[in-house]
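Quick setup: one chain, the form predicted alone, written in structure tokens, and binding and motion questions come after.
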Amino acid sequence: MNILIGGAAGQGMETIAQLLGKALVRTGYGVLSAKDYMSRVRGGHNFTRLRIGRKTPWTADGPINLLVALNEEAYQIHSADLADNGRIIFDPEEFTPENKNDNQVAVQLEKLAKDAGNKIMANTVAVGATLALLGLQTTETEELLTETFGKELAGKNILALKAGHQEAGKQCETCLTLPDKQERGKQLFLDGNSTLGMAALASGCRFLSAYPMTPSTGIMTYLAGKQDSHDVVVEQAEDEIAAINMALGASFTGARAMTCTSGGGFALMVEGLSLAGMTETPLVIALAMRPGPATGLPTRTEQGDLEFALHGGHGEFPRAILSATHAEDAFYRLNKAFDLAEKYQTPVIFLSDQDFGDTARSIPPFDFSKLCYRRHLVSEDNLKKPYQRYRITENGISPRALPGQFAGETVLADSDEHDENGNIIEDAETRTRMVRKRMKKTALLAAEMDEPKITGEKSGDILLIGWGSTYGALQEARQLLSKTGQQVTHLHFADLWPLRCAQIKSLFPRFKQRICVENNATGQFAALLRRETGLKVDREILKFNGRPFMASEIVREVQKDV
């Protein structure tokens, strides 16, 4: 079941999607919500798709069963994609569809909202109308409105909700059939950015500085909303240069810290990134990718910054790069990023994108007992005096202490090359020793990286290779292709650097065709794979129009060459 809510920015599509999504999840359905929006505050054409299933869907794919057209433009653009038995909810005072037919459900959204107290509640009227067509009562949504608003405002919204439900019910009650429900217990309905914000909070992050930049801003706003309740500091810096340096300062003095940005902001941060490498200061950088170069498409998605994350910054220093594949994994993987950053005293870049950040799914509650919180600081028991911040050790990891942690011991750090005490040096011998000390950590980081997840058999016709947020589309594509009788396996990377290669080296020769699927124009991951393993994929399926992959288009592309 697919519902598309379309209109102009400011008409409340997201509110409709959130209310419907949460109500459906509480009722027992699996729900996915995906946003498509323009880079403007008002106007333009935006839409949100809700896909409802017995299990939680991976992508917003398939024909539209219900179109909620809040303006004529939404009707003009999307009515052709309506399924044969689909329905359209529209406001007859807003526009009149060209061809009158039985699939149209006219509801005076704005008038009913005015009658309930304010025309701005037209979106709540639309929620009520939608529930009527789905054969659902308003009980769950009324509870959500009561939880969201104060008593007076909630009361008005409930009136608007019931008015929409009654009006649509007169014309088309239960004219759409929902899929069967599945008993699944309590579920969360979270978007990717909220998931990362929650993961940061649960991982002990107590300082975030950032400059707002779509599509990463949701992480910042989530944490900002928790400042008072969870003793976390969120600072909106004047720019990204200040943001990363504030986070470095917080980390140096003891706070578990993070910054978040997108490609343009990361470009400004790279000097700070190198500073983290030289001073061996732990830092997590959430890099939410969007199409570039320059401003590009600010509210769209792409996987175009993998090579930038890999090579950004001057000089050579160890780093780790992890990525968000889906919410259930990303929650724990960001926790891993914080642990790696402090264990190896190095920057860790966590790659996300607009598709992951703005897509909400129903998922089981997280298991907080799986999270780790280890600061990896030197203790009184293993402190060697005098304390040396950059002591040469066998594995390259120096003892990390916080300024003021030990009375009489000084913690020195500098962006210049330095000796074991942190004092500036110029001699070649010390420089060589310190570079070798830092770079030793790359091999240790490599051992911490997870092998890619494999779904399917270990030999067959087609090996689909992906990374990051394409996980869901590839999972559905594999299922669809397998129904055609082909033996298809999906191999997906979440930890990207240092790259673990054992699994793919083993699988690669066992498949007739190896295909890498990426949301970029140049096949950045396929190139990384070739560089690190010598393995060259047979085909690349690349998409770089700012929109995420749908499973059906991956299937079409794969079948072109079968």
Partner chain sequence: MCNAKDYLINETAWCPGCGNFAIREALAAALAELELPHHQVLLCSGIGQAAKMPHYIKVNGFNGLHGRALPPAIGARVANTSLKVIVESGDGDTYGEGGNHFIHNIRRNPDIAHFVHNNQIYGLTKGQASPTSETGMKTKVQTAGNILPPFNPLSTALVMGAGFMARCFSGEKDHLKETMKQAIQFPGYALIDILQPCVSFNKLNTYGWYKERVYHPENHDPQNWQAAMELARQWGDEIPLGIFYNVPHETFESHFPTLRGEPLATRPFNPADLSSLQDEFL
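Predicted model only: the values in this text are computed from it and were never measured. Numbering follows the first chain given and starts at 1.
A second form of this protein, the form predicted together with the partner chain, is not displayed here; the remarks below concern that form.
Undergrad: Does each of S194, D231 and V411 have at least one heavy atom within 4.5 Å of the partner chain in the model of the complex?
TA: Yes, the whole candidate spot contacts the partner chain.
Undergrad: Is E238 one of the residues lying within 4.5 Å of the partner chain in the model of the complex, judged by heavy atom distances?
TA: E238: contacts the partner chain in the model of the complex.
Undergrad: At the 4.5 Å heavy atom threshold, is K384 in contact with the partner chain in the model of the complex?
TA: Result no; K384 lies far from the partner chain in the model of the complex.
Undergrad: Is it the case that M198, even though its partner is missing from this view, gets within 4.5 Å of the partner chain in the model of the complex, heavy atoms only?
TA: Yes, M198 sits close enough to the partner chain in the model of the complex that at least one of its heavy atoms falls within 4.5 Å.
Undergrad: At 4.5 Å between heavy atoms, is T281 in contact with the partner chain in the model of the complex?
TA: Heavy-atom contact with the partner chain at 4.5 Å: present for T281.
Undergrad: Check each of M213, A202, I321, A106 and return the one that places a heavy atom within 4.5 angstroms of the partner chain in the model of the complex.
TA: None of the other options qualify; the answer is A202.
Undergrad: Within 4.5 Å of the partner chain in the model of the complex, heavy atoms considered, which of G155, P92, G254, P179?
TA: Checking each option against the partner chain in the model of the complex, the one that comes within 4.5 Å is G254.
Undergrad: Heavy atoms within 4.5 Å of the partner chain in the model of the complex: which of the stretches 292 to 300, 372 to 380, 481 to 489, 108 to 116 has them?
TA: Result of the contact check: 372 to 380.
Undergrad: Taking the partner chain as it sits in the model of the complex, which residues of 157 to 186 have a non-hydrogen atom within 4.5 Å of it? Please list them.
TA: Counting only heavy atoms within 4.5 Å of the partner chain in the model of the complex, the single contacting residue of 157 to 186 is K186.
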